[in-house]
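For reference, the chain that follows is the form predicted alone, supplied as structure tokens.
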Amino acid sequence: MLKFNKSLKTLAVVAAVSALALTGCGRADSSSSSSSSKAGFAQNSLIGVALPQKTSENWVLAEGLFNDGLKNAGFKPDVQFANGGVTDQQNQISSMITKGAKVIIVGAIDGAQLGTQLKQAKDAGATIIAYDRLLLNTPNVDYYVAYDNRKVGQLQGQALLDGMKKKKATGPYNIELFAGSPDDANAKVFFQGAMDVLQPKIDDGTVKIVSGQKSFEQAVTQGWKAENAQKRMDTLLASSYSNTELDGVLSPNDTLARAIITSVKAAGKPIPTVTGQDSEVESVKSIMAGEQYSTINKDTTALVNQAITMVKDLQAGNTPKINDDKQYNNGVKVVPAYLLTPQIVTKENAAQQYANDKTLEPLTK
């Protein structure tokens, strides 16, 4: 009986040790699983890039840069333009999800109309990077990469004041305000940044908006289309400037700036100070010819490279670098952002700004 009891005790000890060993193995496996979940994904994975309509040169340039940059980094790029509109972009993102994209970079046509597709992407395990334009009213966006858009607007507002002062030392100055498309989240940020600078001058009487169209809603240009800006400028000139001098126009980008200048020329009036953005070739030529006053240098190559750097970090299982975790609230969450610094360009500093740009540098000589 004693031997039998000892045998039972021995078996119990062995069982207990075995159980502990199994428990230890289980913990080790759990730790290993957790660690492997941080390992990212295969380097040759599909990366989706959903771009908006081809409304400006920088979007066209981005297409080639994403294709080449992602291929060179070992990924399989799927770069799509939504020239058919919002529905087209929704379908393209859904297709990228079906194809198994690990990261989807989204330059939205309308940042508030992709919520369903972004949720599907997150449910499928994809990481979402908002590119250039913030994705709105959704928790399903992980990162934002862009130029500091409020700063862009502030630079435009200051350039407008500086340009008018060069032509006429003292005010009051008569101006008109143009904004981008209301479905682009950036458009209002550009406008607000410009008003940070212009509103105090409006309040003290240095600047006057003759038409009275002061709000973002009154200043918008649907679809960022040049023809819409030109038509509105035609109307403003006819209704408010038949006997009044126009000193300046706040234009949010180069395409609209050139349309505004075309309208002014057609009306036979002197070209006012006109701002812009994007460093488009025709606008750089216009600046050097003394027509458009300024643009903003937002190097598309640098922006695309930063987005691809984020993809590389994610692939390696690392957290992408951000430099702003406060500024970009999309209505549901503050989206961690990496912001690049924009630069104002006028005729005086164009050669310096474009010194390393093979396309633009020759235009500044």
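Quick note: we count residues from 1 along the sequence shown, nothing fancier. Note that the coordinates shown come from a computational prediction; the quantities given were computed from them, not determined experimentally.
Not pictured, yet referred to below: the form predicted together with a small molecule.
Just one of S283, T127, N186, T273 comes within 4.5 Å of the small molecule in the predicted complex, counting any heavy atom, and that one is N186. Though the small molecule is absent from this view, in the predicted complex it lies within 4.5 Å of a heavy atom of just one residue from Q306, N330, S56, S45, which is S56. Within 4.5 Å of some heavy atom of the small molecule in the predicted complex lies at least one heavy atom of F190. Remark: K102 does not count among the residues lining the small molecule in the predicted complex, judged by a heavy atom distance of 4.5 Å or less.
Taking the partner from elsewhere, D278 is found to have a heavy atom lying within 4.5 Å of the small molecule in the predicted complex. Under a 4.5 angstroms non-hydrogen atom cutoff, the small molecule in the predicted complex lacks R232 among its neighbouring residues. Only one of 194-202, 259-267, 235-243, 128-136 places residue heavy atoms within 4.5 angstroms of the small molecule in the predicted complex, namely 128-136. Taken together, the three residues W224, N253 and K298 all lie with some non-hydrogen atom within 4.5 angstroms of the small molecule in the predicted complex.
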